[in-house]
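Shown here is one chain on its own, the form predicted on its own, set out as structure tokens.
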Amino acid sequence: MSNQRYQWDRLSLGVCYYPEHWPERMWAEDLDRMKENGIGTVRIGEFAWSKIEPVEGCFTFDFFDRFMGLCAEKGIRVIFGTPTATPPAWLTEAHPEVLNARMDGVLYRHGGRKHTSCNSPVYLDYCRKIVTAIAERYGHHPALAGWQIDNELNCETADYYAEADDEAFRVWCRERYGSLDALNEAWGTVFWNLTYTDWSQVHIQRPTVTNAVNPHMLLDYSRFISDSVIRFAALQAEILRKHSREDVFITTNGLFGRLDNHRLTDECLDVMTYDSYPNFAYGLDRAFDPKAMNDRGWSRALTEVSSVCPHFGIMEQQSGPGGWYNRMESSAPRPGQLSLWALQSVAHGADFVSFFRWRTCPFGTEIYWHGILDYDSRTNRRLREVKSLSGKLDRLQELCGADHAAAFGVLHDYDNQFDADIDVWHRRLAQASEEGIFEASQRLHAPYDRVLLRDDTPAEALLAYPVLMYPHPLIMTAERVSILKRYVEKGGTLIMGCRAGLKDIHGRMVTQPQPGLLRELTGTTVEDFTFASIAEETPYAMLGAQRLETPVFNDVLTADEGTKVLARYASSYYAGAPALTEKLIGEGRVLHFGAVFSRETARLLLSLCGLNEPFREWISAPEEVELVLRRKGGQRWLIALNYKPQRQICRLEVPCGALLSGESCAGAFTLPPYGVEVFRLPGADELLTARKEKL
């Protein structure tokens, strides 16, 4: 389902480097040390507008000519970032209309980054000029490997409140709805007397007494922001392609909110890259919890990246402790974690891993965002670990381009994603279920894919997954119902949670019995619903003799004739009512669950679907170990990752070749603290022989 146009042909390492931060006399030594330690690519330029255009209209390339020439001489490949994330002071002072603003209209001034409006015609014109100048100069340079558009689109903020954004939103609405009558109907503006009688009255969000504005407008505002950013990226991509060699790829480093990253990749990029900082997953404001997923939880983010681009790159892989002088703090990677986190990225689909950064900058906002080297440039344990990692990647080259193999899929769509951003009821359900499903899948060693559902998604594409979970699709369309029905009819199992089918495409509540358009599919009706009450015990249901958690929110169901009740609530005023149902359709079935998917609930339901330890014929591993399966052609590799500071004992059920140790393994083996091993699984004939020998 991906439209990926570029793929690395070998596993390789890179690093982010800023030649403008260092005396030119250090460049050659830095590049030599990179090569000596297995690094062959550098990313440069994304914050260096003034090095190329120090004053308006005066372009000078001497600085980057010298650096690019040195890279070519040293055999270092370059990913060049367009510098549109940080415009120069001469531009923002002369043209304040290019600046983004707070909701109250106060402009964000020069001094930070990402402080412009991508809808400002003036800013777009200046971006067009600088990107064209850079592309014409370096698009055919022998050192150039790829382009990075901007830096982390929508990272610092995904809110745009400049006058240019207000005007552009008005145009967007007019193109989408055609008439004010249609817009008023879609947004339900009769509520609170919000009805518009002239297009000039339509605005993006502005300050209000209640700090609450029309939610249907906000849903469209998120779509507008996504469209605006994609248009901004497309402007640059068109210029870069026009002036570059055919083998030069175009990427950007994502993924961020209020942005359809699938459309961005399909329409603008050749490949997506990602910035991976597993230390963020520890929850820097929380006390240590030995039972938490912590850095292992970062695999959830990597799963999202692979749904956008199956064979992605990492533009910024954490190499040291991170933080700005005014926010964020995180610990240094423990010995082994730098390699573990890089191989975590590789396990989930990264064929290129670039560390942030080569050397920690001794000045500026990111003085605590540490790189491989510290301020003094001495060889340290992190550099030694990078060199060791390079050797490991050499032994793993056969994995390059291998696909992630999932046990099941989790459906998502951008309408519901944008809705959960603005609807706190929706957000609470979505966040709880996303975390619960991920933790359950990890502990069951049953990895999943995130699967995008659009109105034009072929049902056949979904059949790669015997089980699909669609936790809380509040917004539903007839087209998506039809796709889901065809998937089930052809043998798929679909599991949905509470609040499904509650809204239309505008985010308005449907006025038919819940679950709305999904009723025929689920064979159920929601008779009542409630958040779990703090005045009562945590609600639960009974699935046979097993206790089934029904946390956060409960839809009280009734089952149509022909729909089987699998579990009934056993607490609160709705005790005895259906909590989990099953409807058979064609060769498949639909499970409708009236609550949120906690870790234990998801674990029980996935086990019910036969997804407990799907790799058991090859390996037995404790819950503390993540297992990832990659495949290419007829070959399969199983990757085992230990995120704990204690060793973990696993057992291979069949003899396998261990790529990192270079040994042939069978029976019990030990993963050291923060250790990783990659096993080449036997083919069908070898597996049959092993089974006979075991018998």
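In case it trips you up, residue 1 is the first one in the sequence shown, and so on. Since we're looking at a predicted model, the values are computed, not measured.
Just so it is clear, the following notes concern the form predicted together with a small molecule, a form of the same protein that is not shown.
- Although the partner is absent here, Arg113 sits close enough that one of its heavy atoms falls within 4.5 Å of the small molecule in the predicted bound form.
- Interface residue remark: Phe61 is not counted as part of the site for the small molecule in the predicted bound form, having no heavy atom within 4.5 Å.
- Not displayed here, the small molecule is approached by Phe47 to within 4.5 Å at the level of heavy atoms in the predicted bound form.
- Although the partner is absent here, Tyr277 is a contact residue: one of its heavy atoms lies within 4.5 angstroms of the small molecule in the predicted bound form.
- Contact with the small molecule in the predicted bound form, judged by any heavy atom within 4.5 Å, is made by just one of Asp351, Glu385, Glu316, Asp449: Glu316.
- This chain is drawn without the small molecule; in the predicted bound form, the residue among Phe356, Tyr108, Tyr470, Phe553 with a heavy atom within 4.5 Å of it is Phe356.
- Contact with the small molecule in the predicted bound form, judged as any non-hydrogen atom within 4.5 angstroms, is confined among 188-196, 412-420, 565-573, 366-374 to 366-374.
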